Ligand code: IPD
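Take a look at this one chain, the form predicted alone, written out in structure tokens.
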Amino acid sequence: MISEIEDIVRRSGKRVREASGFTVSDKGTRENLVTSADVENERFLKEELLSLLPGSVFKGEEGDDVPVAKEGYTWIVDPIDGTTNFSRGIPEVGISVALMKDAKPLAGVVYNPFTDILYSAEAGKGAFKNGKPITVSNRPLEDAILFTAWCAYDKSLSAPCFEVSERLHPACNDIRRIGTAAVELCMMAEGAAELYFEIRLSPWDFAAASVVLTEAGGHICSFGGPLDYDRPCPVIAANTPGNLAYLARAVVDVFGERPYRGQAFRSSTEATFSTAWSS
């Protein structure tokens, strides 16, 4: 099925690449944009993917935010990840399609139609870039690149996110912000960067890329446990367990006892990473 998903995503990419005359509006804040091309591409993907797998559920950014099915198949789709880039003609975007089975990630495809780079992965079968196998790098922390975005859609959380970056910057090689989480996480999967942190991402931002990254040997989680594929959550990722632990500890030190969705941040996260920190 992965080749059929890739074909659908590539065809959707042609639509995005050739889009013109689209309208641009916001979804509550001036930073959170949506274009008519997003809406049209999600409509195309929904029709094609549901036809590919009858009886499956579709969860999309532009209007179909339904729960992930506990039994059966669910698509999690971002028709254009990096809408601001797209709206300004910056060729860094990702069409992101994940397939879940019984609420667990099964396959992921991320495609940049402007660079013609397609990342794909199936659980247990490895990760690929344009059909060639990829793996994360083995670079240590001092040579690592950190991807982050400082919570652009909720700037009330930006200050502590900047503080995390301030703590990481002297310890790692450098910091990058490309503007599409899906592509950034896949670039980690091919070894172009080693660290990722964002305080709040929606499932369609990371679902497909999480499959690619883990199949490439990387590590990705939320605060205190696994990723939440039903609602926005923090995302921490790295190429190695040691780098993941270092990044997670920096985040804990900055955020301290700040609650996230009513849960104490420090206690939940330290329980997850205490073993790695002590090793």
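Start at 1 and count along the sequence shown; that's the residue number. This structure is a prediction, so every number in the text was calculated from the model and none was measured.
If you look for the form predicted together with the ligand, you will not find it shown, but the lines that follow are about it.
At the 4.5 Å threshold, heavy atoms of Lys155 stay clear of the ligand in the predicted bound form, well away from it.
Taking non-hydrogen atoms only, Gly82 approaches the ligand to within 4.5 angstroms in the predicted bound form.
Using a 4.5 Å cutoff between non-hydrogen atoms, Glu61 counts as a contact of the ligand in the predicted bound form. Contact annotation for Met100: none of its heavy atoms lies within 4.5 Å of the ligand in the predicted bound form. Checking Arg167, Arg200, Lys129, Arg139 for any heavy atom within 4.5 Å of the ligand in the predicted bound form turns up a single hit: Arg200. Contact with the ligand in the predicted bound form, defined as a heavy atom within 4.5 Å, is made by all three of Asp78, Ala149 and Arg177.
Checking 155-163, 105-113, 192-200, 131-139 against the ligand in the predicted bound form, the stretch whose residues place heavy atoms within 4.5 Å of it is 192-200. Residues in 115-139 all lack a heavy atom within 4.5 Å of the ligand in the predicted bound form.
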